[in-house]
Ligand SMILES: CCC(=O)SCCNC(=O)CCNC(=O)[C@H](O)C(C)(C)COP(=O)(O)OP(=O)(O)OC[C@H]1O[C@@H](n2cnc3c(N)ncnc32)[C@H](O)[C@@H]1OP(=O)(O)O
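Before any questions on binding or motion, here is one chain by itself as structure tokens, the form predicted on its own.
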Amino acid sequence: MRSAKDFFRPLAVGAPTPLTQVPARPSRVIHFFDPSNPKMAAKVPGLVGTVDVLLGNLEDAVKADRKEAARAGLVEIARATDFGQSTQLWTRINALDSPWALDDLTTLVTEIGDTLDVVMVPKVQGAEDIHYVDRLLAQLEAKAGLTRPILVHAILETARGMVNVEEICGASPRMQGLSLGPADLAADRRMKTTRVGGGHPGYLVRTDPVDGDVQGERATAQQDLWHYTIARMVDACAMHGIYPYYGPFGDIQDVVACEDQFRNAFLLGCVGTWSLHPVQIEIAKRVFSPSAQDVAHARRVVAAMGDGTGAVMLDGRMEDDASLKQCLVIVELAERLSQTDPALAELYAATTVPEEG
């Protein structure tokens, strides 16, 4: 029986990270849709090319009596839609302990496995969950005669999953990335919030009293409930060469706070996020694409650093080897996005540093 490892080219000796094993396709925004909803299904062809990932959701947002309809709807959509080179098709299957997960995988892999890029697995508790999905996918891929692997994306939404986050990331060469599942994780941790992502006005810091007047006015600042969780998730993903994502932001109307939360995740190292409504698509694409100013600076540093050793001064700032590594991340991302997003390709083209001579 062919395993997942058979699909991946071994790394060269001395390679620093297995990142090259995971396809580096842009995935700034993962847009969710319900395949059992005819109105949503009808909009899918029009979304192709406008989002990096379209995800057919079979899990929590679909009622129990609509699970089979959602699965069948996704098969129909996948067969009828040309997703092209710019948009991937993912699915979020039902939880592995549910009565629907096995049928989700069996049906989707054998019927549309050649179109499906990634399977998102909810409520992952440990490496054993990924091992199960990995082996089942290998069997189904062999049965269907697929020539490329379907990758696996895990959602962190339990305390146990967070404790085991490093082993989850390294559980299979199929692992594509991780997403934060703030609602379920908050419930499992018994956090005192009913919000889906974002901050909370009660989670704050307060300045010290002035002249000992503890009753006087003192400024406060709201804090991010998810900073620790996202940072730990990013580190685990970086260690194993896979990709971290912010998850859902539930308040569709508060686009300002949504953008702030997405940007916090981007700055911490996340490569993308979820979109629950079309209004969040443009926010996500804007936030998870580096600005023209950042790309221009990064390209100047790369050009100035030469072989990457020593240090240079640019605009009064010292740039050294660490700076170069940071800038290479930005330049690489800009080049990837330019291949699939014509508007960004034009924007970033203006930041190219002219060659000397």
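For every residue, the number given is its place in the sequence shown, counted from 1. If you're wondering where the values come from, they're calculated on a predicted model, not measured in any experiment.
Separately, the form predicted together with this ligand exists; it is not shown, and the next lines address it.
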Although this ligand is absent from this view, report whether L96 comes within 4.5 Å of it in the predicted complex, heavy atoms only. no
Just checking whether H240 would be counted as a contact of this ligand in the predicted complex - the rule being heavy atoms within 4.5 angstroms. no
Given that this ligand is not shown alongside this chain, does V329 nevertheless sit within 4.5 Å of it in the predicted complex, heavy atom to heavy atom? no
In the predicted complex, is there a heavy atom of this ligand that lies within 4.5 Å of any heavy atom of R92, even though the partner is absent here? yes
Out of H131, R263, R218, H277, which one falls within 4.5 Å of this ligand in the predicted complex, going by heavy atoms? H277
Let me know the one among P248, P173, G113, G198 whose heavy atoms come within 4.5 Å of this ligand in the predicted complex, would you? P248
Quick check for you: of 321 to 329, 289 to 297, 308 to 316, 55 to 63, which stretch puts a non-hydrogen atom within 4.5 Å of this ligand in the predicted complex? 55 to 63
Determine the residues of 35 to 57 with a heavy atom within 4.5 Å of this ligand in the predicted complex and present them in sequence order; the list may be empty. K39, M40, K43, L47, N57
